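Just the one chain here, the form predicted alone, laid out as structure tokens.
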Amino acid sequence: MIVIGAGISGIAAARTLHSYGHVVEVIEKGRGVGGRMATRRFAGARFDHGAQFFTSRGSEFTKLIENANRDGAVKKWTNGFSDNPDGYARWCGSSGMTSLVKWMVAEGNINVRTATTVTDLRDMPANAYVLTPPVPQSLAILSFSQMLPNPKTQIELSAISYKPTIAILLRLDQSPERFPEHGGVQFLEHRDLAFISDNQRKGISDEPAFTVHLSNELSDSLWEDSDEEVLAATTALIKDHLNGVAVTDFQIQRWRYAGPEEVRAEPTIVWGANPTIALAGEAFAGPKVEGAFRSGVAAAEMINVALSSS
């Protein structure tokens, strides 16, 4: 079996299929695993520049997080970002958000082939495929592979759209004094800002490092601007949070598919026989990390049922 994408949804699918005794290979176009659970190093600092944290509500994901915490792959970051925390645990990777997915790969003994771009699934024959990239990218692969679903389903999937987000990674000369000790500021109703993370206070960077996520609206309006223009707009927005601290280096990450505009209620969609095809990811069952995990598990379970009955 082939799983496309080594984010948490793809690795969850691969682990589940592996547990049923199937031989699985995960194909990832990037250089490493994690997807938007992404961690990057530059200028001597470490940055989470995709998803910043995750919560755990369902029993299956909670058990996974308990095991990962036991093995040192994840840690509780904080119980909330407001002045009056809600007490509900926000988790993060112990060395960055990618730590959880790396642990899942190692603990599940999953075979992942990185730096491999897939355009035609027929180049890698299999009895089943799970596709976990953003739906427009999955549909492009399926179209080229001549494996699209029925026209009605295809139209429904083509209507799924995503919101963009720009992440700005700021290497600082020192840690700002006036900032929450846990290192996170979440903006729920701000027109221009979504989140600021102090990666040093968060405990993943030895050096001062900020990650700033702009709102979807501002990200869209700045999408075609130069990196320098995005930096200037961002530093003006967070001037009070920087409190006079200087930026010594920066990088810009543009996430074109940062999250779905709307989420389909079903956790996966499956069709076909020889091969059987499933789509999974954050557009199904919920845009959060746990939702993407549940979607990958659901896709694997439905494929296992389909193959067992064929």
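As the structure is a computational prediction, the values presented were derived from the model and not from experiment. Position 1 is the first residue in the sequence shown; the rest follow in order.
Below, we refer to the form predicted together with a small molecule, which is not included among the displayed structures.
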*the small molecule isn't shown here, but in the model of the complex which of M37, A45, A285, A68 has a heavy atom within 4.5 Å of it?*
M37
*Name the residue from T117, S226, Q146, S158 that puts a heavy atom within 4.5 Å of the small molecule in the model of the complex.*
T117
*Partner-facing stretch of 133-141, 102-110, 236-244, 176-184, counted where any non-hydrogen atom is within 4.5 angstroms of the small molecule in the model of the complex*: 133-141
*Is A14 close enough to touch the small molecule in the model of the complex, meaning at least one heavy atom pair within 4.5 Å?*
no
*Look up in the model of the complex whether G50 has a non-hydrogen atom within 4.5 angstroms of the small molecule, and give yes or no.*
yes
*So in the model of the complex, does H213 come within 4.5 Å of the small molecule, heavy atom to heavy atom?*
yes
*asked:* Taking the small molecule as it sits in the model of the complex, is W255 near enough to touch it, meaning that at least one heavy atom pair lies within 4.5 angstroms?
replied: yes
